[in-house]
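One chain comes next, on its own, written out as structure tokens in the form predicted on its own.
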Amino acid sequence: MFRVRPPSPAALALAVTLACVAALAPSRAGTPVQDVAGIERGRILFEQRWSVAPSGLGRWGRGPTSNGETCLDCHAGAGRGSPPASAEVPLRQGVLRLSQRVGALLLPHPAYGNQLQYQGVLGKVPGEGEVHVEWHEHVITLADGTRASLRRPVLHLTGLPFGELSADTLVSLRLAPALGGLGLLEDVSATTLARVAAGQRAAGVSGRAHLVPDAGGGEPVTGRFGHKAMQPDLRARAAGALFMDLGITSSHFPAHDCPPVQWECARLAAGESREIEDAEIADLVLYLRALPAPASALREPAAAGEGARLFTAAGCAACHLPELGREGYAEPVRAYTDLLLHDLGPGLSDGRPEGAAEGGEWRTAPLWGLGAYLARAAHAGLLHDGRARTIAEAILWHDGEARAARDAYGRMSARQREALAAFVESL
């Protein structure tokens, strides 16, 4: 007698995802129908727990140093990461990027590489250290006398086996971004982004596309993913995250990141071949493309409403564009971003250039889904490093090109500020 097993929660989630994709994002003419089997293989890879060989606790391939064992460690539910609950709790849903200047060059740190990795291999390779975040607060006064408390992160690093970081080390704290709707953003063409940038310049806003090296050695291509828009497409994003965060090599990153001083890391990595194949990365990309945008972004936004009017009047919509067109699709992307780099001033600068992006330049963050994140996160953190606990704090940290919008927000009445924040949380 055969017993029919009920579908797993993961299978149910995938079915819902595919239903959303089929209903809300019809394929362009000539585009193959959804590869359901490939998406399922990609989901398994996304949830896969990786281990260092030999081990019976997961698929071999992780390490020798890493910042997790599965994509879910940072992207629980494919969502946005949160900062640690207190200074005693180490960073787990974000990373610390590192650089060091040598003359005119900006190079990886000589002992710790491009990113501090807290995990090593027990008894063989030491982890590179832990990141603890302490928040220092200051109070500002808005035009109506309201006092607002803003916080900034102060980092404390512990357990550094290869010595303390020197004073000239450039560091950048980054929280993991949400992954829903990335396939829609990938469909926005470089031509569209160039047109948006040109329109902004005519209006006195200086957003620019981040041109990054082409993996095939051709002309630079337009970046769109990551806090600094360093990745041009989901393949580059997936391969980079697998390597940087989980230590998984591929044709894109064929050798482990073992700085010369880390001889235990180099010895363990010696002779290892690529740990994930291109076809598997392609499946992971299929899964990422199938992740739906926040439900609110899939309906026609309410044009009326005081919050929406104030959002536009303050100048927020100049960079957080309500819509981006996709060539070949009838429906635009309602992510409230322009995918361009903007200088947000010294207060948000990490002082660490990345590619052609300066320390104070950040890609305009999509606003869709922020309300759902704030509602469910026990310790919410907005902006690239999680310093803002609310929409209001995030706006008040803006400077540089966004100073006029920030100041307009600061001049609003308390009721108007609440209406604007409520609008953003509805996206």
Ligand code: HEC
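Throughout, we count residues from 1 along the sequence that is shown. Computed from a prediction, not measured in an experiment: that's the story for all the values here.
What follows is about the form predicted in complex with ligand HEC, which we do not show.
Stretch-level contact check against ligand HEC in the model of the complex with heavy atoms at 4.5 Å: of 255 to 263, 131 to 139, 327 to 335, 91 to 99, the positive one is 91 to 99.
Shown here without its partner, the chain carries 52, 193 and 250, none of which come within 4.5 Å of ligand HEC in the model of the complex through any heavy atom.
Proximity to ligand HEC in the model of the complex, defined as a heavy atom within 4.5 Å, holds among 111, 176, 269, 150 only for 176.
With the partner omitted here, the residue from 290, 184, 242, 125 that has a non-hydrogen atom within 4.5 angstroms of ligand HEC in the model of the complex is 242. When contacts are judged by a 4.5 Å heavy atom cut-off, residue 363 counts as touching ligand HEC in the model of the complex.
At a distance threshold of 4.5 angstroms between non-hydrogen atoms, residue 80 is in contact with ligand HEC in the model of the complex. Within 4.5 Å of any heavy atom of ligand HEC in the model of the complex lies no heavy atom of residue 208. Not displayed here, ligand HEC is approached by residue 246 to within 4.5 Å at the level of heavy atoms in the model of the complex. Counting a residue when any of its non-hydrogen atoms is within 4.5 Å of ligand HEC in the model of the complex, the hits in 369 to 405 run 370, 382, 383, 384, 391, 394, 395, 398, 401, 402, 405.
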